[in-house]
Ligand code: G3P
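Quick heads-up: it's one chain on its own, the form predicted on its own, in structure tokens.
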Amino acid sequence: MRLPLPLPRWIAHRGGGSLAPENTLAGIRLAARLGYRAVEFDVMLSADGTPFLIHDETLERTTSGQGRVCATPDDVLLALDAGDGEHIPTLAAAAALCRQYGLLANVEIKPAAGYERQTAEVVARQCVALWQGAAILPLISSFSMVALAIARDLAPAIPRGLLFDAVPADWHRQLQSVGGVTLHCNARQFGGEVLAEAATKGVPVLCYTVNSLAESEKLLANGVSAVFTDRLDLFAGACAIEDASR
């Protein structure tokens, strides 16, 4: 399987990074306005089984709410303030916005404890439906092998990426087992041998979270295909140049 488009070098982390409330539509709009061609966001289920964009299993850090996301119904989640008056968006709303702007969406399956299979099933099925007929398909990623295996089976046409903090020696075997096409890893937790093997295997390496120009330049020069960043302002000019060269 190939990626649905040339992979942009810079990807907006959690929607708008640190310049907008994370995992919100405002963040996605900001990324598009600054010239980014790809955004990453996290998805988990509400108590009603609806996929929402949020990173933590609990609401306190990023919203005006309290408690576990998976124990909170849709009507409560939709009424919360996610920062600057923004609301927690559904996956459906984020997908529509990404399609409107022509953005590659990296949809990270972020299941709450005990909801791994359910989350993967809902997200995979919704990705198929929400991006039906789209010129740019999403990229589904996860730290969970179970989640990616389910995505492989339910959404085989949508590319998959396997996430690691520290990349294990058998990363390629694991990637192959879920039909993955991209390796996502902590920028400070892997070595040159991983990049060398990935180059040999033809696997793009995507690194998180890179918030300095110097680090980005070093990673890209060493063969990293793309970086996730919170500092959208630092790379906006480079994004515009890359977009103009396509």
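All figures in this text were calculated on a predicted structure; none of them were measured in a lab. Note that residue numbering begins at 1 and tracks the sequence as displayed.
Just so it is clear, the following notes concern the form predicted in complex with SN-glycerol-3-phosphate, a form of the same protein that is not shown.
Although the partner is absent here, Lys110 sits close enough that one of its heavy atoms falls within 4.5 Å of SN-glycerol-3-phosphate in the predicted complex. Contact check for Phe190: no non-hydrogen atom falls within 4.5 Å of SN-glycerol-3-phosphate in the predicted complex. When contacts are judged by a 4.5 Å heavy atom cut-off, Phe143 counts as touching SN-glycerol-3-phosphate in the predicted complex.
In the predicted complex, SN-glycerol-3-phosphate sits within 4.5 Å of a heavy atom of His55.
By the 4.5 Å heavy atom rule, the three marked residues Trp10, Arg37 and Asp233 all fail to count as contacting SN-glycerol-3-phosphate in the predicted complex. Residues of just one listed stretch (24 to 32, 64 to 72, 193 to 201, 40 to 48) have heavy atoms within 4.5 Å of SN-glycerol-3-phosphate in the predicted complex: 40 to 48. Taking a 4.5 Å heavy atom cutoff to SN-glycerol-3-phosphate in the predicted complex, the contacting residues in 206 to 237 are Tyr208, Phe228.
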